[in-house]
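Form predicted alone, single chain, as structure tokens, below.
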Amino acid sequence: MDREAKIVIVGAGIVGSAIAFQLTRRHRNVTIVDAGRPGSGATLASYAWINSRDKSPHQYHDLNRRSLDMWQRFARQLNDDIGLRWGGEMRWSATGPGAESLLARAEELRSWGYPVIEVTKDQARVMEPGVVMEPFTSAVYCEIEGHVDTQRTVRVCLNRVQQAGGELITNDAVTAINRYGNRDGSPGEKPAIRSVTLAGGRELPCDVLVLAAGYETTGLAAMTGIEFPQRRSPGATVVTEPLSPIFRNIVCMHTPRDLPEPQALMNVRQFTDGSVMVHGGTHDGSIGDTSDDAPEKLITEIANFIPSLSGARIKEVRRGMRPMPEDGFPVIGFADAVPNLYMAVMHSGVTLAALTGEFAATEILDAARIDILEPYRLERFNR
């Protein structure tokens, strides 16, 4: 692609910011637009666990595993503190059937080359003496997993983009995507995009438009005549005031998935500043999505397993609509119907951000078509 080509990215969450950063590293003209504040949607609310633990089938697991392994390089490229922490995730089961399911999944993951090991109750207690694992029937641990501070990551990415001459436009929504027949203005069957119009009245010419606006991408794609199906999937996380370290070795913990109702299923991690993030819910959905008293309930529940969290003060409740393509898998790549429209929308956006940023830059700038992304093209919804 011509070095003077104008690339507009809509969406300044972690995926859009990662793409903008990688394009900027290759000295391209980038403008990134967000209807609100950068990283204020699903990126803010995300539990931000970097993993390939619960990703199936095998090819989707491999995509996430590859991105997990790319996060270290991504962090080195950013060359700043993004709150990236490694140390692994541990979970345990509470019933006999739960143990069978947990250990069977661990065996399958090991057959895929994913290092999940079984640990005894005594070993688990030594690893994490501050965690009450009762009732207990089995436990597994995967040391290669981690988590990241999404707000720091977005901020550093966008700082790098602006330092390189890129433009960041915030609190200004796209109201129109303007097209013509072909890129040279002649009639054609596949109308390319020539510009986007913002609510503030500004028109941004573009040679490539990247839609990375999460759940809002469905409405934006419709402006180009593309139908992009997504499921509604609200999410919420609770963040406490800073606390002393709650873990000795691990960085993520999941309570048993086989607990009886109405106990919550919870995920816990701790930021480098000591704040603790709890994501959780009933068997039917996330606690904290809509109820005003649910965040306090979640802290009370998690304190049964991590007593040091008893009485923890809530700093904020983060809510967002998770990007969730209809079949649950990512959409990454150019749209066949609009040749200069690139889409990057996915759940597990944090895990996949390292890969998506690098691969999207390659496909956009080098006219490449990366083979491991083929199952994740938009056109699968039209087959």
Ligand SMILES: Cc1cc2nc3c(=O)[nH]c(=O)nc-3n(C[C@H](O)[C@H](O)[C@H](O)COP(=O)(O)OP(=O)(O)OC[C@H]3O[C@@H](n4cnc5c(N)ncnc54)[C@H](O)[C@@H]3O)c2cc1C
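On a predicted model such as this, the values are computed, not experimentally measured, just so you know. One-based numbering along the sequence shown.
Absent from the display: the form predicted in complex with the ligand. The rest refers to it.
- Using a 4.5 angstroms heavy atom cutoff to the ligand in the predicted bound form, none of Thr24, Leu209 and Ala360 count as contacting.
- The stretch among 308 to 316, 166 to 174, 97 to 105, 120 to 128 whose residues place heavy atoms within 4.5 Å of the ligand in the predicted bound form is 166 to 174.
- Met346 is the sole member of Val30, Leu341, Leu68, Met346 with a non-hydrogen atom lying within 4.5 angstroms of the ligand in the predicted bound form.
- Not displayed here, the ligand is approached by Trp49 to within 4.5 Å at the level of heavy atoms in the predicted bound form.
- Residue contact with the ligand in the predicted bound form: Gly235 places a heavy atom within 4.5 Å of it.
- Mapping the unseen interface onto this chain, Met253 falls outside it, with no heavy atom inside 4.5 Å of the ligand in the predicted bound form.
- Though the partner is left out of this view, Pro330 does not reach within 4.5 Å of the ligand in the predicted bound form, counting heavy atoms only.
- Taking a 4.5 Å heavy atom cutoff to the ligand in the predicted bound form, the contacting residues in 216 to 232 are Glu216, Leu220.
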